[in-house]
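Read the single chain below, which is given as C-alpha cells and is the form predicted on its own.
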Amino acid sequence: MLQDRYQLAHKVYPYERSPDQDRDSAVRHPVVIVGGGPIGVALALDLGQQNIPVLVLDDHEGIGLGSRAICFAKRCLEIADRYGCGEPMLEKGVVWNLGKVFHKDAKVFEFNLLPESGHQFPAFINLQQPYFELCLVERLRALQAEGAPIEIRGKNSVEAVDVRNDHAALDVMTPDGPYKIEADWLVACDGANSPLRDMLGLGFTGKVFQDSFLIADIRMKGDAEFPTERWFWFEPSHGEGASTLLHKQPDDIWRVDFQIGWDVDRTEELKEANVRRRLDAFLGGASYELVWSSIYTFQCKRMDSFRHDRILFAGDAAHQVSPFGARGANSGMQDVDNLGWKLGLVIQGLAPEVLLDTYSEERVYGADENILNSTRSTDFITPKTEISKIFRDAVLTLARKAKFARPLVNSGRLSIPCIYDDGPLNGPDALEGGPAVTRVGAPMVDAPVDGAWLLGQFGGGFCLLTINTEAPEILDFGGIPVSCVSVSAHDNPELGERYLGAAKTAVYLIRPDQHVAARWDSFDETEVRKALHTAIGRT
C-alpha cells in the first residue's frame, strides 16, 4: 500500500496505468530517474532536450506543500533558462540583491551581492519551492507536447533495485499493484532520505548539527517595515530564537526562520499557539496569516562517490548542507548541469563511460566546497563553546564600524557557482592576461552583447566563443559538433572586461554546461581538437 509522506501543493502528474504494467517481461529504458522533485525533473528536461528517452518515477502525484527551498541563485536561473524556464521563474520570483545583518537591535552592516550591471539575471530571487518545481514541470509538459521522449509517472514507488552488469532491475509498486522495469542508467534524485540509497546500503560521511530551526510561512502586508531584502538577526532583542532570518516571497508570503535549540519538544513547538507566540513577539503586533510551519535540523554530509556502476546520485540524495547560504537546491541544479551532457554523450556512444566518473569527481569537489562554507556558517551562527560565542559577538560589535571585520561575519555565505580548478576535463589556459573570473574550469559569466545576452547564444552543446577574431562556424570532431559564437568587444565593454582582460583577442572552448574547457588567444583547430578530447574523457 502506497503511503503519502507529505501533502501536495499541486497534483501535476496523477497516477495513470502505463503499458509497462501489462507486459509479460520487464521493459528496458535508457534512463530512469527516481524522484520527481526539482532535481529529477530538471535532469529529465536536460536529457529530453537531447532527444534521449527518459522515465521519471515518483511515489507521489505532484509537488509538496511548503516553501522549503526559497532562494535561487543567478547560476541556478541561468541553468533553468537553458532548459526553457528561467524567465517564468524570474517573472514570478521576488528579486533581491541587498542583505542586512543585525545584532540584537543594531544593524551591523549591509551588502550587495551583485553591485555591477550587465547581467540578465539578478544575484538571487526568492521563490517558494512549489512554484520553482511547477515551472519545471510545465516546461516538461511543453517539451512532451513538442515530441520530446520524456515520461513522468506519479504513484510509482521503487521498492527494490538489483544492479547487474549492464543495467539495473527495478521493482515498482503502484495503486494497481507491482510491476518490473529495467534501466540502462538509473539516477537517484529521491531526496535527503533517499530510499534508493538505503536499498543499496550506501551511506554518508559528515555530521549532524545539534540545533533546531522553526520555519513559518506567513501572509502579511509588510513592505514598509520589511523591504525586499535578506534580513538576519543574531540574538534578536525579541528573544524568540538565538537567530532569526526573514525573507519576502511572492504572493505576500514571508518566510521566518527561528533558531530554537536542540533539546526541544517538536510536537509542542509546532502547535499553532506556540508558533504564533514566537511570530507575535518578532513582528510586534503586525497582522498576519499563518500559512505553513515546520521544524528542521541540518547536516553537512555527502556520499563518498556519486557514481556506483550504473547508478548515479544527484541533489540531496548525494549531498546535504545547512540551508544557510541557499546551497541545497542551487548545488543540486549544478549537479544536473554537470551530469546531463555527460550522460547524453555516453548514451549516444560519443564519449567513454569514464566521463561519468568525472561527474562524481567534479561534483564531489563542489559538494566539499559547499559543505566547508556551510559548516563555517553554522559554526558562526551557532557557537559551540563559550569562547566561540565571545569571539562571534566581538566580531559583530567590531563590524559595525570597521569594514575589515565584516568579511568575518558569517550569516550564511550565499551560493556561488563552483569553479573546477584543476578539474579532470580542463584543457590549456593559454590566454595571457585573461580574466580570472572566466578562467578554465569556471562557468561563463553573462554580458550584454549587441543588445542581447551572451549566455542566451549558447545551447546544450560544445561551442567556441571567439572575441575579436574568427573561427569556422561549425566543426565536427568524431561526431561531436562544435558551433561558433563570434562577437566583438569593441562596442561591448563588459564582454571585454569579463573575457579579454589584457588580451586583444580570445578563443574559448565552452562545455555544454557553459563551463570553460580551454582558452587561447587565437584559433588552432589541432589545439581545439585536443582540448575537446580531454573535455569528453577521451585519451
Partner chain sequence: MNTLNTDANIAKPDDFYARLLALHEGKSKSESDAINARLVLILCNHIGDSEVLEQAFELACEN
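Positions refer to the first chain, counted from 1. Model, not experiment: these values are computed from the prediction.
Below, we refer to the form predicted in complex with its partner chain, which is not included among the displayed structures.
Tell me, yes or no, whether residue 390 is in contact with its partner chain in the predicted bound form, where a contact means a heavy atom of each within 4.5 Å.
Result yes; residue 390 sits at the interface with its partner chain in the predicted bound form.
Would residue 397 count as a contact of its partner chain in the predicted bound form, using a 4.5 angstroms cut-off between non-hydrogen atoms?
Within the cut-off, so yes.
In the predicted bound form, does residue 262 come within 4.5 Å of its partner chain, counting heavy atoms only?
The answer is no: residue 262 has no heavy atom within 4.5 Å of its partner chain.
Would residue 114 count as touching its partner chain in the predicted bound form under a 4.5 Å heavy atom rule?
Contact check for residue 114: no, nothing within 4.5 Å of its partner chain in the predicted bound form.
With its partner chain left out of view, which of 242, 246, 408, 173 would have a heavy atom within 4.5 Å of it in the predicted bound form?
After the contact test, the surviving option is 408.
Out of the stretches listed (397-405, 427-435, 71-79, 95-103), which one is close to its partner chain in the predicted bound form, meaning heavy atoms within 4.5 Å?
Contact criterion met by 397-405 only.
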